[in-house]
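As structure tokens, one chain now follows by itself in the form predicted alone.
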Amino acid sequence: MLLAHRPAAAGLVAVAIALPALWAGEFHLRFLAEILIIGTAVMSLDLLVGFGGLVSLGHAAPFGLAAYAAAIASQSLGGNLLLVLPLGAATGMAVAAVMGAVILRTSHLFLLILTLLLGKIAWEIVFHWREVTGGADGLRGLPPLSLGPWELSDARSLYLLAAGLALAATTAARSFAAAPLGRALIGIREQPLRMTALGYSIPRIRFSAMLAAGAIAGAAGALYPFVNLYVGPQSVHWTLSATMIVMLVIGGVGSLWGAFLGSAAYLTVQTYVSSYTDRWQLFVGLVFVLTVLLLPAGIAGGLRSLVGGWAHGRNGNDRGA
């Protein structure tokens, strides 16, 4: 039954991606591209939080440092997508490897504190290394992305590129979660002592998860400066990591596609409500509290329950007929 629904789901996803590309204006296309890029980074965090139980306040580091690496490289080597994207993924993986080596044997509060400190160190480097990163001013005036003879600087191209990255990253994350390594990660989250007794290496499995999450976050970070036309120190600050966690809770922890719903909800409030009031964060807090109280599994969990109830009722009616 699940396999039968996959072609229909793939068709719906294709239509959902194609419609904005056909009808939306430049501002909305760039806004959607930002949602997809940030959502991809949040989804990579879900591999750690939702599947591994590893709550990190330093996940902005692989995302932001990859954004800086891509921006700096593009200034001297050009915006070749085949250079920028692998460089971002490699940078994100390298940063995750350094963080993983430090926090491998920690958990809970100590993990939270260590990731916060590591993220703070990344911010200090970016903020004070003005000759390379631009310091508080960040980097602007980046060359456009390109793929061979094609320039990818218009909003529609960037949106389609962000959508392609989101699809590829979701497929990769889903494959990781379904693989034996991903199942072992879930087992460690639920029963660490039993998994250790069965011969599993908890540090090695968690380290692998951090590498996977870092690579996906880095790939998303590589596109971010070209969509946002700017990259600054706030992209590595711990507050962005906290924001990602908020997005993840709103969208649904443990649901990979819920990360995009949480990103869309947060960025929509930030973009539109902030044009009317400086206290837009109060609205984000209200959405967060209502989600926790009314939808403990997030928006994705609520939608899943709604669709499941509709399908169950339909099947019951068919049997009754």
Partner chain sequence: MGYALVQILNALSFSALLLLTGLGLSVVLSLMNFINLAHGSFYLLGSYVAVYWFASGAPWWLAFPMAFAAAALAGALLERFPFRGFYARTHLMQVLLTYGLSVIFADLMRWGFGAQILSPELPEALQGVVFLLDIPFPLYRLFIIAAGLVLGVLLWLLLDRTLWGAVVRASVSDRGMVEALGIDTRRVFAAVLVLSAGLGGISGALGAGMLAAYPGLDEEVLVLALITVVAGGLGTFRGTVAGALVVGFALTFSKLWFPEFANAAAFSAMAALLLLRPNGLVAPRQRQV
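Positions refer to the first chain, counted from 1. What you are looking at is a predicted structure, and each value in this text was computed from that prediction instead of being measured.
Below, we refer to the form predicted in complex with the partner chain, which is not included among the displayed structures.
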(message) in the predicted complex, is there a heavy atom of the partner chain that lies within 4.5 Å of any heavy atom of residue 90, even though the partner is absent here?
(response) no
(request) Give a yes/no on whether residue 109 approaches the partner chain to within 4.5 Å in the predicted complex, heavy atoms considered. (result) yes
(message) So in the predicted complex, is the partner chain close enough to residue 124 to count as touching (4.5 Å, heavy atoms)?
(response) yes
(message) Against the partner chain in the predicted complex, would residue 165 count as a contact residue? Criterion: heavy atoms within 4.5 Å.
(response) no
(request) State the residue from 75, 80, 239, 153 whose non-hydrogen atoms include one within 4.5 Å of the partner chain in the predicted complex. (result) 239
(request) Just give me the single entry in 113, 97, 147, 160 that has a non-hydrogen atom within 4.5 angstroms of the partner chain in the predicted complex. (result) 113
(request) Counting only non-hydrogen atoms, choose the one of 274-282, 58-66, 257-265, 35-43 that falls within 4.5 Å of the partner chain in the predicted complex. (result) 274-282
(request) Run the contact test on 21, 24 and 136 with a 4.5 Å heavy atom cut-off to the partner chain in the predicted complex and return yes or no. (result) no
(message) Under the 4.5 Å heavy atom criterion, name the residues of 118-141 that approach the partner chain in the predicted complex, in sequence order.
(response) 120, 121, 124, 125, 128, 129, 130
